[in-house]
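Coming up is one lone chain in structure tokens, specifically the form predicted on its own.
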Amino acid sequence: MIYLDNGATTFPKPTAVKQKITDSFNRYSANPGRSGHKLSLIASEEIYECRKSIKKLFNAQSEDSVIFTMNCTMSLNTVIFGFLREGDHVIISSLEHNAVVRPLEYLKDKGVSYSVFDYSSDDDEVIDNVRAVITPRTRLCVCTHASNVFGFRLPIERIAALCRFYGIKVCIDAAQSAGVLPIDILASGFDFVCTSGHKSLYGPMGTGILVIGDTELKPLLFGGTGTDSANPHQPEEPPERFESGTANLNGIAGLRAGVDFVRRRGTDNIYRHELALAGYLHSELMKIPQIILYNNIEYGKTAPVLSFNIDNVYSEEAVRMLDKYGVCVRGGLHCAPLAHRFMNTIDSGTVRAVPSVFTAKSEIDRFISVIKNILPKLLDNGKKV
């Protein structure tokens, strides 16, 4: 099997992640923060150690600013629903995921509006595009760090600086970049950073992260936190304010091991490995006349994400054929129709291939060989756009 669907979730996971999850089940799978017995305390310590690791990886303000969620979508929803109020205006990029667009569409009926600024490979043009959609009511900018479809990297540090000048808070969607691209929260002045745990942080599915600054934010969930239980009101201080209900201890234990794995390997080392493979794949696909490529692979400008199509064959049909030959990639709209409209691929979708730290060049070679092998069948029998 050749697994190149790492943009959805990384596979395989590091051995340390699997071992940590197993250990948590076998040794201290008690309810953290809900009792004073030894196993509960060990479970609570495990969660705190994960916060520490994430704080160090992203240079966050404190361990308490690290909030655990189910996924990046929940983190983004926590920010969007917890921060915005009637009359607010939001700006987003033309590459955003439905985890951003759909909550904002819902809030239109609540008096919240939003505008879209276009991506450009020219960072100066991006900044001009951002400035052009700012209004006196703009209160929040939600911006992906790197497109989950095309890998385009936005100049989030410059966008944050511009927004600070106008008094606009900034929320970064780092689902496709955390663990691959550098993120320095304190240096960049991000107010919120949202990401998943199961992609390039190599944790298990069902884990997400929200890192918050000093900005006031309402919780998405209300309920038991294990603290101040006689008080009918939700706690005011993070992380308890945002973490009602029983924590995903086993998932968080695995996430801690994943984050520590990334820190040991080094984000830039991982990025260089994956980008080299994505660049090699790009260069080989360019040699095939029937392949349509949508993004270049360039150090510092793109994440290691490659989108392509085979002539005018539907991307899902190509993915089904590749799967028969043991290749795992993703086709369709990747939950980001805004990006596809921007790139004129809304009707066809794209085939997305994303390597991981465990991907070998030999696997890319086999993938290319499979594509060449299936081309005649796809072009003869594939469902045409």
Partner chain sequence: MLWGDFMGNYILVTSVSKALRGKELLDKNNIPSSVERAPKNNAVRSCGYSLLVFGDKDRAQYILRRNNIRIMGIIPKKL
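Residue numbers count along the first chain shown, from 1. Being a predicted model, the structure only gives us computed values, none of them experimental.
Another form, the form predicted together with the partner chain, is not on view; read the next lines as being about it.
Segments offered: 86-94, 151-159, 223-231, 291-299. Contacting the partner chain in the model of the complex at heavy atom distances within 4.5 Å is 223-231.
A heavy atom within 4.5 Å of the partner chain in the model of the complex is found for exactly one of S53, S44, S29, T345: S44. Of the residues E284, D311, D260, E240, just one reaches the partner chain in the model of the complex with a heavy atom at 4.5 Å or closer; this is E240. Put simply, E317 is far from the partner chain in the model of the complex: not one heavy atom of it is within 4.5 Å. At least one heavy atom of S35 is located within 4.5 Å of the partner chain in the model of the complex.
At least one heavy atom of Y48 is located within 4.5 Å of the partner chain in the model of the complex.
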